[in-house]
Ligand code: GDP
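Next up: a single chain in structure tokens, the form predicted on its own.
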Amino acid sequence: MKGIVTKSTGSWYHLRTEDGSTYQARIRGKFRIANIKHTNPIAVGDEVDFEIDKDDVAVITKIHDRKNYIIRKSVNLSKKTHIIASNIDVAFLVVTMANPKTSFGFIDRFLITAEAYHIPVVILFNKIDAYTEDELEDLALYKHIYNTIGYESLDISAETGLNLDLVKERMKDNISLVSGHSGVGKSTLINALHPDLNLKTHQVSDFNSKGQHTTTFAQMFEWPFGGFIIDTPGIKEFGLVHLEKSELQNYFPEIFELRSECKFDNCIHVNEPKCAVQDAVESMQIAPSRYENYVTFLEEEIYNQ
């Protein structure tokens, strides 16, 4: 039998078959040993084969190859990685200018991971109804930076429903992932698009303007309008993993576009002479925040782990 993993709680997995039947399943022990570089051998979105054993328990026997996945460093085991979700058609990154403010660094880490695994991203600028003039200026800057590079974005309000029809249209018939910091309104957004789910939401803590985690495990839900959504736990920070240092520039589209104009083929755009990328930063053709993050990520000890 074939199914898709819709929820993982660490030891049990919820499966959904093509006809809509659901099963709770375990995995054979060999998967845990065979895939030690990840903390979770099976992720939400995985396509699997399973069978029913003599005790009427579903047992996963095979994981099909993933077309892509979103990954982050495991929080406690820095050398291991955690697959957040797999087989994604489009990822929606929910970004806010306040309560909490999403940093350029967080956005860029997410975008690099998505670029590396060929996942299209739509940036959802949420809480658009609640911003001050200064925050609206910040929003205009964020939109200019990411739209100029070529990323799709939408201004939305999960509270008032602004532009949710456009989000729904973009999600229809796809397997979508929603991600972002805790407190940016992911669960509120999903509830607005599918009120019957009634996912738990949580107010942002006044103490430090950081969201409280309300989603503990990634989970997949079916949309009434067609397709599926994967709700992910609020993530404080993405670690960049499984990248070669020389490849990093490939995942910044604006740097990748200019690399052939540099004097040296092996230019990494830091101190080399006649570097087209550094010239573009000087002339503001490349956003300073993007270049600064590129240099910061180059210096991190994240490669070849």
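From 1 onward, residues are counted along the sequence shown. Nothing here was measured: the structure is a model prediction, and the numbers come from that model.
Same protein, other form: the form predicted together with the named molecule, not shown, and the subject of what follows.
Only one of 169 to 177, 132 to 140, 220 to 228, 155 to 163 lies within 4.5 Å of the named molecule in the model of the complex by heavy atoms, and it is 155 to 163.
The single contact residue among 184, 88, 121, 84, judged by any heavy atom lying within 4.5 Å of the named molecule in the model of the complex, is 184. By the criterion of a heavy atom within 4.5 Å, residue 126 is counted among the residues contacting the named molecule in the model of the complex.
Residues of 262 to 290 placing a heavy atom within 4.5 Å of the named molecule in the model of the complex: none.
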